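Coming up is one lone chain in structure tokens, specifically the form predicted alone.
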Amino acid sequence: METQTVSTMPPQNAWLAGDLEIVPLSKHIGAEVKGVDLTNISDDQFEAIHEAWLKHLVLVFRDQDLSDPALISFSARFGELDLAPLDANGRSNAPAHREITVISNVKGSDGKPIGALGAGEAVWHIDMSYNPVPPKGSALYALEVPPAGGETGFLSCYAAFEGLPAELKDRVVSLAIKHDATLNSAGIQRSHLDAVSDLRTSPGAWHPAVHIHPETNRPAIYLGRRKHAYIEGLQVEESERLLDAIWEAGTREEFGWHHSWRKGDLVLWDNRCAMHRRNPFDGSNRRVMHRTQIKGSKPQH
């Protein structure tokens, strides 16, 4: 009887990095890293992970078992961590580990949310881009997930820039955009800021509409959030028309991919070249995620 040989080769388009298998998840963005326990990684494994992160922008690690200190320890290998931002009500939601942001719809025994962003949709955004120096990366770990909904979409800002029509691409490289600070990605107004009455004077940080990634040297569009954004030097009506055109051309479905969460997933994304969003889910189901963010540098032309 002929012996059947079982192939040990990775799936098509997958690649090996040492003892890790990297499986791309879409044409432009996302890869799953297989064969690693993030609580116990060697220097060689970390270098392979870092290489894959720069190549694929978003990495998925399934079936991880991470305490908050372990999540902080892994994230800190990429650089110094930011302290978690205060929530929309000006509170810290993980005071025992100030590097941890809780993303959740769950309410505590006092009736107050234990985390941020609730169960609704979160629009396309770049984390913390309303600050002069946004984080370079974010890591989000799933502790509890709903049976349906809550998927996170990711979009390649490299592909978004390359996909712009030539005339729009030529124009956008010289623009600066103000990234609004008044609303979070769920559209909730931050309690310490007034509602926007004039886009030209509203609070936020100025960033180039296209910046150069400091490690890959590739140009990436840098949009932040759509609502309340403003292009420097234009009349408000002209700014709105141009931003609408940029967003329509730059956020096409073909540039992105959506991740369906499982408990134990750790997703790491490069905040300098990847936007993300979230689908809504049934608020009667629990969703609890813990996030860390890695300090970045000011975006540059």
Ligand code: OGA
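Everything quoted here is computed from the prediction, not taken from an experiment. Numbers for residues come from their place in the sequence shown, where the first is 1.
This protein has a second form, the form predicted in complex with the named molecule, left out of what is shown; the following refers to that one.
Of the candidate stretches 232-240, 65-73, 271-279, 246-254, only 271-279 has residues with heavy atoms within 4.5 Å of the named molecule in the model of the complex.
A heavy atom within 4.5 Å of the named molecule in the model of the complex is found for exactly one of 209, 100, 117, 142: 117.
Site annotation in the model of the complex: the residue of 131, 152, 202, 184 reaching within 4.5 Å of the named molecule with a heavy atom is 152. Although the partner is absent here, residue 179 sits far enough away that none of its heavy atoms falls within 4.5 Å of the named molecule in the model of the complex. Residues 56, 258 and 263 are none of them found to lie within 4.5 Å of the named molecule in the model of the complex, as judged by heavy atom distances.
Taking the named molecule as it sits in the model of the complex, the stretch 33-52 never comes within 4.5 angstroms of it through any non-hydrogen atom.
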